[in-house]
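Presented as structure tokens, the chain that follows is alone, the form predicted alone.
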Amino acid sequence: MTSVITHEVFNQSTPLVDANLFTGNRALQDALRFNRPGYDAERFAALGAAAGSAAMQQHARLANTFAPQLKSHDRFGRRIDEVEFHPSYHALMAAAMQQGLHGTPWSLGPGAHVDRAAAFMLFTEAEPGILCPISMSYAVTPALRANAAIHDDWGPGLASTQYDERFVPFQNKRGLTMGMGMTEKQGGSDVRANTTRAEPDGRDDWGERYRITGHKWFFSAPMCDAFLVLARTGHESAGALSCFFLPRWRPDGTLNALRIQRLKHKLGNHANASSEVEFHGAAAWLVGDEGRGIPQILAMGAITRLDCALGTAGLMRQALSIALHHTAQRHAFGKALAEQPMMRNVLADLALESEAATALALRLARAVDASENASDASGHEKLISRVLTPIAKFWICKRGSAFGQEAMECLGGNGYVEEQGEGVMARIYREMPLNSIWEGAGNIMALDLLRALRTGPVADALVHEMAPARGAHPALDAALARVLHGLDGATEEAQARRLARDTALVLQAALLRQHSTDAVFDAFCASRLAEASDVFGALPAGCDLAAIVERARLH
């Protein structure tokens, strides 16, 4: 009797592994060349190879599959408040710190923040979950300058490219990380509703010392070595909010009174430990002037919001690469999915969105770099940074979830399958909403944009940014006119989201004009500005779909 083969696997795509995520990404290369002429191509090629390697993907799978575990007490009943991670988490943290993605750029001079931004996007494609403590360490580093003694002691460790996973006092570690604790149960984004209290407790080498009593509702990466937190000085209902440095270990080598109540059970971001904590008279030191905590937090928030935009742009690129890879190999109705007309339209549309996000995020990084390195004599970059931060954070992150869903659909049911962490597209989809929520959701960003309009001649700055693209496409000129009208004080609060979206789109178009191809620029203007398409895969006739897809494909 002839045997029958009943389980032969065919017409399935292969995993996308061991691809160089930088040398194969033309959009990122061109945007980096535009914003950082003379960048170190060899360094990025090496990072691109490492980030796309099978080994790095295995670390990402394991770090997400075996989530962090809280150990509140040791076996003798003593409070320890430790979080245990899978070894792959530590391997990823070590790789990120080796690339200097945390506090390192603040000590390297002009261009370092742009380099770091591009590297951050590449590393996001490897694993975004561990980048929460990395991002917070980046954001808090300059704030420590407000307390020179603490900055002198902690600055070298925060700039170190060595990762030290040990839970020991800071002076015994080769490298340090820091976090932030702002949000409380009753307030959320409204930190003015915070009730955590700070009571004076003397003075020492680090300055004015306080005892902190209260809680934080979202306290990410609790195994960082220290945190900046907000607390009220004086009466809890009337005192002003101040910023405090709160280490896990006191200077005398004893554990600080920070109690981890539980770890959050989140939709995604599983490799990262997010927690709820209480402070029981925890030792903390004043950073900056008393009562000036909110301005300090806003300054740190601007940096982490940059990372939200960068991170989402990186996730978009990863999802696009997987979709392109799958549809090139999967066949249906007689030919590869990527050759089907409607699928080609979808892929081209996703490619436009991904490249536009990359362009806008890196432009913001250049503005931050110029502002922080005093290479902005005219003040233009500082103003662009102030205005572009809420715009980029709002629009790029808002587009992320829709992008992830469409990219997942390119894989069909295979895209929806987790498969013990091997379903990378499902992990991306669960991750996408986080950057839109973290550090201020859409309404907060739109309100911040309205506040930014009062900080200087924003309309003039935008005209300057748009100058290289004026006259290049009629839809762009018409959209710019609408935006300038809105920037001129004509936008009410209820329309702030529209203004953020429209400004993002004209800036993205202008950037694509300067460092992308005619096919990409023309299709972007035709779809986003002339027709305002509300669904991916609806690019109008006349767009060079083949050229757009070819540019986006990993090479």
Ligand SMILES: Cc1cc2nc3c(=O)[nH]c(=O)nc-3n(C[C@H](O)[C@H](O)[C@H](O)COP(=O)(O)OP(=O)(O)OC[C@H]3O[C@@H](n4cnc5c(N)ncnc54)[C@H](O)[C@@H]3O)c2cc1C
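Keep in mind that what you see is a predicted model, and the values were worked out from it rather than measured. The first residue of the shown sequence is 1; numbering continues from there.
The next section is about a form of this same protein that is not shown, the form predicted together with the named molecule.
Of the options 351, 241, 182, 134, which one has a non-hydrogen atom that comes within 4.5 Å of the named molecule in the model of the complex? If I apply the 4.5 Å criterion carefully, the residue I get is 182.
From the list 405, 162, 72, 189, which entry has a heavy atom within 4.5 Å of the named molecule in the model of the complex? It is 189 that has a heavy atom within 4.5 Å of the partner.
Please name which of the stretches 379 to 387, 201 to 209, 432 to 440, 359 to 367 has residues with heavy atoms lying within 4.5 Å of the named molecule in the model of the complex. Every other range fails; the passing one is 432 to 440.
Distance check, residue 223 to the named molecule in the model of the complex, heavy atom within 4.5 Å: Because no heavy atom of residue 223 falls inside 4.5 Å of the named molecule in the model of the complex, the answer is no.
Even though the named molecule is not shown here, does residue 218 get within 4.5 Å of it in the model of the complex, heavy atoms only? Yes, residue 218 lies within 4.5 Å of the named molecule in the model of the complex.
Taking the named molecule as it sits in the model of the complex, is residue 266 in contact with it (heavy atom to heavy atom, 4.5 Å or less)? Contact check for residue 266: yes, within 4.5 Å of the named molecule in the model of the complex.
Report whether the minimum heavy atom distance between residue 255 and the named molecule in the model of the complex is within 4.5 Å. Because no heavy atom of residue 255 falls inside 4.5 Å of the named molecule in the model of the complex, the answer is no.
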